[in-house]
Ligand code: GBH
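Heads up, the chain below is alone and in the form predicted on its own; it's given as structure tokens.
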Amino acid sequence: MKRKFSRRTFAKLAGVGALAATTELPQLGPTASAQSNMTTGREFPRGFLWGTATASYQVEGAVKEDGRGPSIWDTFSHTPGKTVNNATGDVANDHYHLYKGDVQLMKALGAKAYRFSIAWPRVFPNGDGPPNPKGLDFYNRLVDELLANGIQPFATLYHWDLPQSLQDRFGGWEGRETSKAFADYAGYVAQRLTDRVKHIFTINEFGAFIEVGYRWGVHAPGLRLTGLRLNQTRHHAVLGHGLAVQAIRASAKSGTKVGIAENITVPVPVVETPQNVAAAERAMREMNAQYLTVIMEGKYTDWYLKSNGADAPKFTPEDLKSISSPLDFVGINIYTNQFVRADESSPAGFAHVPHPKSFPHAPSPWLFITPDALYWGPRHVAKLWGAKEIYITENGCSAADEPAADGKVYDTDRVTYLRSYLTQLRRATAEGVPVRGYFLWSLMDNFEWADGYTNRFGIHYVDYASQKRTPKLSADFYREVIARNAIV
């Protein structure tokens, strides 16, 4: 059973129109530290942080243990026909109980960082109101285990498992009350974890959970909103992010850094001419207008508002101030791109160049193999918005993983994918783009949302019947990359 949209389907372009970059664009070029580290042309900057990533509902299981309340994904996955083979995250990888072994997988890779998400309904079973006394116990144990093994914890506060109660009472992110509840939750967690967790992401992928869950109905909560309702839902999501940043800063211990993890749409010049490069930079603002652009600039683009007319989101100056609360770093999840070209006939100065049917892609039909996205994505973020600390918070691919006779998974396609993408990321760092780290998605195969367990993204093969984890060829590759701090 194939799904038209997947969890990382990118938000469609809101429109095209007159654009005007309002921020000063820094000059990019090899820094002294980058130059001093270039010996073979494959090395990354000294101190580059290599990590892996997962998300709570995709790996934890234990959905009814220790006071956890139901999430919209519990409800959605238990609704017949919503996921492939009616799969649920009830058990998933049983990471809730097997986390110590999973930390050892990270240690064996040599990974120095792990990005995980905290399940909001474990901490506040109803989304707001009284907290669950046992809600953070698991994450305290996990953080301590990571630190004991020399692995830095990077925590994401929202990776889509919204408490069902907030959906029932306020329509989830349709309601402004959810934004406020998220900020309260964020402050509560920050106060209790930031003595050890020094990097916090507020929200993961606005462009996925809103577009796929509230617009196209393929993910939880399964709605098909349009017009003002959709745009207001988008606004409440970024408002929740901004309010959470403020709450974290008010509650966190000294030295805590705050950022986001957004699956930006990455415009790539179809041919690298000056005209096409300029067109891609203009496109970057518009393609991400409703999410990253407003967060970084504190305003919606003129065209986004104009093209939506009476359906444009309603907001106050105070909303925009909150949404654009300064960030310490920007996390970007990058899998694929959108080619663009200069087009003088368009007021925006650019046009889309669609991927032809013959374009190579992973088993996930949306995942076109476009390595240059990992160069242009961080380059755009640094040049347009002056970001000084960028992390690639997700990058990886699905593959047709099947164990061979010797029990090993020889995922040469994933190895080729990773090598190609990392080559482009290394190009960015060599030019001085301030990418500080890379989190491979994913540490292990897991529940892939509406695709159930049919698409595998992990570098460790998971036999879900036995919960045995087996390193794939891609794990061997990544281990060597980490050890050398270079492409291999």
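So that there is no doubt, residue numbering starts at 1 and follows the sequence shown. Not measured: the values here are computed from a predicted model.
We do not show the form predicted together with this ligand, though everything after this point is about it.
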{"property": "Location of this ligand contact in the model of the complex, chosen stretch of 349-357, 207-215, 375-383, 292-300 [non-hydrogen atom, 4.5 Å]", "result": "207-215"}
{"property": "Contacting member of W160, F76, F116, Y99, with respect to this ligand in the model of the complex [4.5 Å, heavy atom]", "result": "W160"}
{"property": "Residue (of Y57, Y421, F439, F457) lying close to this ligand in the model of the complex, criterion heavy atoms within 4.5 Å", "result": "F457"}
{"property": "4.5 Å heavy atom contact, N263 to this ligand in the model of the complex", "result": "yes"}
{"property": "Contact label in the model of the complex: F170 to this ligand, heavy atom within 4.5 Å", "result": "no"}
{"property": "4.5 Å heavy atom contact, Y410 and this ligand in the model of the complex", "result": "no"}
{"property": "Contact label in the model of the complex: D319 to this ligand, heavy atom within 4.5 Å", "result": "no"}
{"property": "Those residues of 323-352 which, in the model of the complex, come within 4.5 Å of this ligand by heavy atom", "result": "N333, Y335"}
